[in-house]
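The chain that follows stands alone, in the form predicted alone, written as structure tokens.
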């Protein structure tokens, strides 16, 4: 489904971060990318989501090269095919939980029927992730674990084929980290969503089907 071939990326202050990196991701596959801070894990996720572009190499999604996508094409790709969750959930404080979840849908100019379908999906996913009782609350009224599960449902609302997670359990206690790890695996199995997560957590990485370590700009399978 997704293929990165000889991808290179460097920055003036950091030098080469990714050096002819290669990766293939199948639909529904779960992948953990480990490595020390500054090794390029976030850079890799940003390239897959087209938030950044490689200096060299090729990124192909379902047979289509992404390198030369326009700004509009990149935005559409992110909206329709990728979901992103971060260590800090980045919920909008002035929106309720359900409004945060549905926010990615509002920009798509859907019909009334499509919006209703999206809302039903939001309710279903909220039930599955255990946050159906907090949908009308605001972010400051919920726990960190609830906020991160809200961010997960928001990332999945548009039925992405790729879920990117950047240290998703970094700010969670062990109990909530375990819950989120279980949810990521369950979502992959039931939705067919490929999961690529960057993490320092060996326990979370161990729940994924494949584990890679980012070493000197290249991925080494563990």
Partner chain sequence: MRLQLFKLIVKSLLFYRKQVLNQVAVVIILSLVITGSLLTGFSVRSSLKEAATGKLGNTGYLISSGLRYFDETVSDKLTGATGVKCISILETEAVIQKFDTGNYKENVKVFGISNNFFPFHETALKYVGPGEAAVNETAASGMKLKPGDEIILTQKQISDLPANSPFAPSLGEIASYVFRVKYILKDSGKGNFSLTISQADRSTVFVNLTDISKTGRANRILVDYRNSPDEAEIYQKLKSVLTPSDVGLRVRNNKATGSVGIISSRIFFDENLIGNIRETIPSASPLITYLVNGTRSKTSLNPYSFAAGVPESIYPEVQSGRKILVNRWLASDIGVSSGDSVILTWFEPDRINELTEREEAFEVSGIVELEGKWDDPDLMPEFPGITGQVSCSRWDAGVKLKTELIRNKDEEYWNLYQGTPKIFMSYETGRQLWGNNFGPATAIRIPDGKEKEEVFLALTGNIDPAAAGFRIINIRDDMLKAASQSVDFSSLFIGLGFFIIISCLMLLALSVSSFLERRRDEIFTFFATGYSNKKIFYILLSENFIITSVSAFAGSIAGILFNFLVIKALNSVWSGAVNTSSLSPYTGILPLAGGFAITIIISFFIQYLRLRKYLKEMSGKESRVLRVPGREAGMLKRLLTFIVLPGIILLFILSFANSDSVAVSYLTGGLIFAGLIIAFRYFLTIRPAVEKGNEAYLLSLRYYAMYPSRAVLPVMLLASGLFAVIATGVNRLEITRNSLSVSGGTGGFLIWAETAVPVKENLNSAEGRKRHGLIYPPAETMRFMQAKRLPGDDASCLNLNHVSSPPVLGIDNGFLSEHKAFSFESLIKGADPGDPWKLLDVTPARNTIYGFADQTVLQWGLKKSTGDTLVYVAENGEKLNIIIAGGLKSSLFQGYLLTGDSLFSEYFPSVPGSSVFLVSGKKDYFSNYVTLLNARFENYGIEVTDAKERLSSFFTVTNTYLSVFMVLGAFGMVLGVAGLGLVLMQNYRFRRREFGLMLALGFEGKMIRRIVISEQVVILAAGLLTGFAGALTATLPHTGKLQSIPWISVILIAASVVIAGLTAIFLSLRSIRREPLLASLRRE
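Numbering follows the first chain given and starts at 1. Keep in mind the model is a prediction, meaning the values are calculated, not measured.
The same protein also has a form predicted together with the partner chain, omitted here; what follows describes it.
*Asks:* Looking at 22-30, 45-53, 179-187, 61-69, which one sits within 4.5 Å of the partner chain in the model of the complex if you count heavy atoms only?
*Replies:* Residues of 45-53 come within 4.5 Å of the partner.
*Asks:* All three of 123, 149 and 173 touching the partner chain in the model of the complex at 4.5 Å, heavy atom to heavy atom?
*Replies:* Verified in the model of the complex; spot residues all out of contact, no.
*Asks:* Under a 4.5 Å heavy atom criterion, is residue 117 part of the interface with the partner chain in the model of the complex?
*Replies:* Residue 117 lies outside the contact set for the partner chain.
*Asks:* Flag residue 113 as yes or no: does it have a non-hydrogen atom within 4.5 angstroms of any non-hydrogen atom of the partner chain in the model of the complex?
*Replies:* Flag for residue 113 set to no.
*Asks:* Within 4.5 Å, heavy atoms only: does residue 14 come near the partner chain in the model of the complex?
*Replies:* Yes, residue 14 sits close enough to the partner chain in the model of the complex that at least one of its heavy atoms falls within 4.5 Å.
*Asks:* Consider residue 79 of the chain shown here, and say whether it contacts the partner chain in the model of the complex, taking contact as heavy atoms within 4.5 Å.
*Replies:* Output for residue 79 is yes: heavy atoms within 4.5 Å of the partner chain.
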